[in-house]
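The chain below stands alone and is given in structure tokens; this is the form predicted on its own.
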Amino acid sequence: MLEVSQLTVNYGAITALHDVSLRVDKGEIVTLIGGNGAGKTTTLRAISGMVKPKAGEIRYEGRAITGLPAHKLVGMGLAHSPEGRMVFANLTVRENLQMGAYLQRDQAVIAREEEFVFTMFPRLKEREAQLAGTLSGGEQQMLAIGRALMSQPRCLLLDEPSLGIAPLLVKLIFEKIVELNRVRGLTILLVEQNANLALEISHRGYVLETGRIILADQAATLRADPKVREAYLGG
């Protein structure tokens, strides 16, 4: 479904990604793990059209999408839930969800997708008239994922869903990620600081180090790798 070939991204004189290649097959959860500054977020931003690559190719469902603007990719079924959640703080929960459906003109479809999000995250239903900026970190993360789901994606790029939220809500959010994959067949490329948890729910994984992929394997194999355990899984 998603194929990245020899992707290079520069920020001024600094090369953030060096010839990164990866693939995500339909129906998979694939995780990118690595330390801070490894290039994980940059990889997602390049795929979703937020950053322009210097070199390389990105293909989605067989079509070259390198350099296409972000809103075009959303219309093609590729959504990005960004690091830091980036909810619209001065809009309500419902208004944030509606922003996620801005390309959709059919009100019946918008209502159906909104109902699905509220079923997936009942806490958002309870707070639908509340300003997003007043939600807890975990609730904002639910909203960021819900907003992405409103565009009816077939592939979701999910950046650091556990960042800065309570452990109990982390567990809930990861259960929902698995549910979205199993029930909706949603293909997910996941970037996550909690490497152990990410590999636990993923089919395959890639390890990024200073902008380069140094390992790629089945998630269970990576979890058992002594070097991966020592570097990213706390031994």
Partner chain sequence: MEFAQQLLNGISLGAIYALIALGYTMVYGVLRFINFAHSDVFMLGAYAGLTLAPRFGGDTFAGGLAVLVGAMAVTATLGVIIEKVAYRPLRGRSTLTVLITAIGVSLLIQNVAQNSKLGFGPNPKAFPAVFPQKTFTWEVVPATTNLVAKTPGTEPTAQITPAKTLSVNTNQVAVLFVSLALLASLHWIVNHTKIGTAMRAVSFNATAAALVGINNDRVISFTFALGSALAGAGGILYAMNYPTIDPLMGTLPGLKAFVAAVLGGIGNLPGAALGGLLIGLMETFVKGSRWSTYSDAIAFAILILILLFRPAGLLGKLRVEKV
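Residue numbers count along the first chain shown, from 1. Because the structure is a prediction, the values reported are computed rather than measured.
Omitted from view is the form predicted together with the partner chain, to which the following refers.
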Worksheet item: Does every residue of S48, P82 and Y102 put a non-hydrogen atom within 4.5 angstroms of the partner chain in the predicted bound form?
Response: yes
Item to complete: Only one of A89, M120, V109, M76 comes within 4.5 Å of the partner chain in the predicted bound form by heavy atoms, so just point that one out.
Response: A89
Item to complete: Go through 200-208, 32-40, 175-183, 48-56 and give me the stretch that gets within 4.5 Å of the partner chain in the predicted bound form, heavy atoms only.
Response: 48-56
Discussion item. Quick check on E95: any heavy atom within 4.5 Å of the partner chain in the predicted bound form?
Written reply: yes
Practice prompt. Please run the contact check for L169 against the partner chain in the predicted bound form: heavy atoms, 4.5 angstroms, yes or no?
Written response: no
Worksheet entry | in the predicted bound form, A70 touching the partner chain (heavy atom, 4.5 Å) | yes
Item to complete: For the stretch 139-172, return the residues whose heavy atoms include at least one within 4.5 Å of the partner chain in the predicted bound form, in the order they occur.
Response: R147
